[in-house]
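One chain follows as structure tokens, the form predicted alone.
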Amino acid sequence: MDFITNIPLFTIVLSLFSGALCFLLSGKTARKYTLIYEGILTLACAAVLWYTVRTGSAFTYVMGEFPAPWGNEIRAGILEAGTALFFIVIMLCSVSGGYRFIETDLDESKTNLYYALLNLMTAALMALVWTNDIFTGYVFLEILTLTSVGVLIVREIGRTTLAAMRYLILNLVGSGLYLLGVVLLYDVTGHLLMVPMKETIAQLWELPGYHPILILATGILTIGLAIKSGLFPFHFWMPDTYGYATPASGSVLSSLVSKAYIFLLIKIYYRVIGTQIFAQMPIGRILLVLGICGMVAGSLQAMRTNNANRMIAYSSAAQIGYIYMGIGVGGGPGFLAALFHIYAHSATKSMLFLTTPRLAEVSGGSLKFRELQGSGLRDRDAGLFFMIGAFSMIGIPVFAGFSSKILFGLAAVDSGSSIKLIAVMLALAVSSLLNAIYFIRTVIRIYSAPEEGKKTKVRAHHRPGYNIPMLVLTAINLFLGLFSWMAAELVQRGLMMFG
């Protein structure tokens, strides 16, 4: 069993090696290698999750056996292992489900480069999940930023180049702010490892003179990661970034990259600042307000667009608002709801981004709503999967989105604040109504009879390479909806190990 404690480090190191290896392979060989490697990672992360659940405790892997503050550490508990496993499954489904568009959207000579970037991105995702060092988090934030820009710009059309540059500039600003926050915390604590830093911050908080610098450092860290994850009002890069990327890239960026930034932020609140100290800071209240604003603003902007991918992108901005609203509510239930929504939204948004290009294919290649009319009848598989994703976004019972909204409501009730309760309930009601308007409108559109005389093609069925990952994502969505108590209990146990 001791071998399992080495797996988290292997998931990072071997992913870095895989990225370099894919540069040397042909495009098709790089694809096969990536799918096989991601499958192996799935089993490895599942083994770590099983180990932490069975033992009921987390473990720390000290690299090089050097003690703090010189050494670097990787830490694995239920929450880290579960998140790593979830991220790998979504990555595997995104690559497999979006494979055909990778072939058509990218130049053949750059296909191996694309898979190399995906493997390097996997290394960064794993590092952000496992790391127990706040500066290591910064290093892999940068790797994640550069690989994200790479999977955007490799498509080589004008809009993706512009979107990639905008994304790069904003993310560098976010990374710079994060680094500044790390420097401030290191200056006052003398530590970079999370546990010693938390212990020192707890001592410094007892001295009121240190409150301003600790609040400032935490606030700067928060702003940096909020920019990178797309919290309102920093969400304006999303429509072009997600909307013009190849489907696999849009799925990965929306479902994994933005969520990894938020996961790191939650880890910092728990393992660096401490939730009790964080609750005394004004940052949570600001996140609550910005999260609610993002929920409404993102949905309103989604209603005004006439392009399906841009609608889904703006919807992502609204869903990021949900997560930050949960963080702002605070307490165990608030963080539980935020983490649960990370998983629910990731599984659902992947389905939507992988489905819309299939509907466009049978609609003359257009993503405009008018052209998509009847596309669900012409491609029944894609239409069904889009409808499932849409129902989850709305919050229809049995789907993951419904369970998320229930958890947000319970967190607001548990907060003991009537202001938070009213604000959260109103935000949930308004956002759900707006979600229903534009998603149900789209579902009706794709299942309406097409205009007479319109030339379209009908696809009878898809290959297993598309249907299997979509069925996996559907199964995850239904599991989180029907058995939310099991997932929530696992997240709750992970949070108890987190502190």
Partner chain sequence: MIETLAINYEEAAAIILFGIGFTMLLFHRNLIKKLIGMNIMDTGVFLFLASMGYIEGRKAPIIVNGVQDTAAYINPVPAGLVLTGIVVSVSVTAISLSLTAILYRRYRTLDLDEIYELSRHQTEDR
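Positions refer to the first chain, counted from 1. Please read all numbers here as calculations on a predicted model, not as lab measurements.
Note that the form predicted together with the partner chain isn't included here; everything after this is about it.
Contact between G365 and the partner chain in the predicted bound form is found at the 4.5 Å heavy atom cutoff.
In the predicted bound form, the partner chain lies within 4.5 Å of some heavy atom of A164. Using a 4.5 angstroms limit between non-hydrogen atoms, Y244 touches the partner chain in the predicted bound form. In the predicted bound form, none of the heavy atoms of L300 sits within 4.5 Å of a heavy atom of the partner chain. Between the options L214, L172, L92, A423, the residue in contact with the partner chain in the predicted bound form by a heavy atom within 4.5 angstroms is L172.
Interface residue among G176, P282, G416, P397 relative to the partner chain in the predicted bound form, by the heavy atom within 4.5 Å criterion: G176. Taken together, L85, L106 and M121 are entirely out of contact with the partner chain in the predicted bound form: none brings a heavy atom within 4.5 Å.
Considering the partner chain in the predicted bound form, the lone stretch of 187 to 195, 285 to 293, 373 to 381, 332 to 340 in range is 187 to 195 [heavy atom distance within 4.5 Å]. Taking the partner chain as positioned in the predicted bound form, the residues of 119 to 145 that bring a heavy atom within 4.5 Å of it are, in sequence order, F135, Y138, V139, E142.
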